[in-house]
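In the block that follows, a single chain appears as structure tokens, in the form predicted alone.
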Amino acid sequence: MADAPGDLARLMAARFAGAVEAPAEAGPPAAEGLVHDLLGRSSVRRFRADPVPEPLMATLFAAAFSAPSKSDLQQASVVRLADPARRRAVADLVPQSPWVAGAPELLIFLADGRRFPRVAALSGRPFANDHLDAFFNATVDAAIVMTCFLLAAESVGLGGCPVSEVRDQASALADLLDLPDRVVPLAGLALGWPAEEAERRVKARLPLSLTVHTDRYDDGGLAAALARYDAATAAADPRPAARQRAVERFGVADRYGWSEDRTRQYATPARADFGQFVRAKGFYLD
């Protein structure tokens, strides 16, 4: 069955605030498949108490670690928090994400740059690429594995949300998880069966005119496209003063869209010590 053009148009309009039109001829197969799921996906932060069955978790890990890997180096790992006390300790490190404590599963995905240098040493060969690319490759591998895990989980009805806030307390987290040199946290992932009352709102993304370039990078249309996007995001999620960031510093905005929210967030330094942490873990960033 081919995609119904109306289904694609509806999904794409919701995801890109009406700024993207569905193609006249739908190419991918049924809108009930992965394309449909990606266009309509949203993060979940409210979960039922039901556990995720062990056989299912094993299957999801197997699916995730089937992901592409740079040069087949396989530089990703994950820590699954099973001990209640340790889970509570990790949850306490992310106070701005209180819903983490209620998730049936809490995973920490890791950029694992430790394993392959050990493999090289065991093989009696030098590890001659000890520079920024080593850290970059491990980080990208971990990100791809986490993405594949989340997509696999959502395909069976689970929901989740990545938690980058764990990097705010990278050293404390490393101590809690006994992370050795060259192993650093990428992000957490809270996972479980969505609660019935869990909000499933699709967040509009930047228009593809800003993110998809042909032949050369060109952001000449940024200001105009951003104005339309900000108007759409402000209308979709009106923010009264109580829900606006740093009002004491920036005041109350009449139209609080994506740019207003994100620039307020990043007007305050965060994780300025992360590079120092990564270097202390033995990575070279030159």
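Owing to the predicted nature of the structure, the values given are computational and were not obtained by experimental measurement. Residue positions are given as counts along the sequence shown, with the first one as 1.
The protein also exists as the form predicted together with another copy of the chain; that form is not presented, and the subsequent description refers to it.
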Original post:
Could you tell me if L222 has a non-hydrogen atom within 4.5 Å of another copy of the chain in the predicted bound form?
Top reply: yes
Original post:
If you check in the predicted bound form, is D72 within 4.5 Å of another copy of the chain, heavy atoms only?
Top reply: yes
Original post:
Taking heavy atoms only, is P55 within 4.5 angstroms of another copy of the chain in the predicted bound form?
Top reply: yes
Subject >> 4.5 Å heavy atom contact, D133 to another copy of the chain in the predicted bound form >> reply: yes
**OP:** Go through A195, L93, V140, A170 and name the one with a heavy atom inside 4.5 Å of another copy of the chain in the predicted bound form.
**Re:** V140
Subject >> Heavy atom within 4.5 Å of another copy of the chain in the predicted bound form - qualifying residues of 38 to 67 >> reply: L38, L39, R41, P55, L56, A58, T59, L60, F61, A62, A63, F65, S66, A67
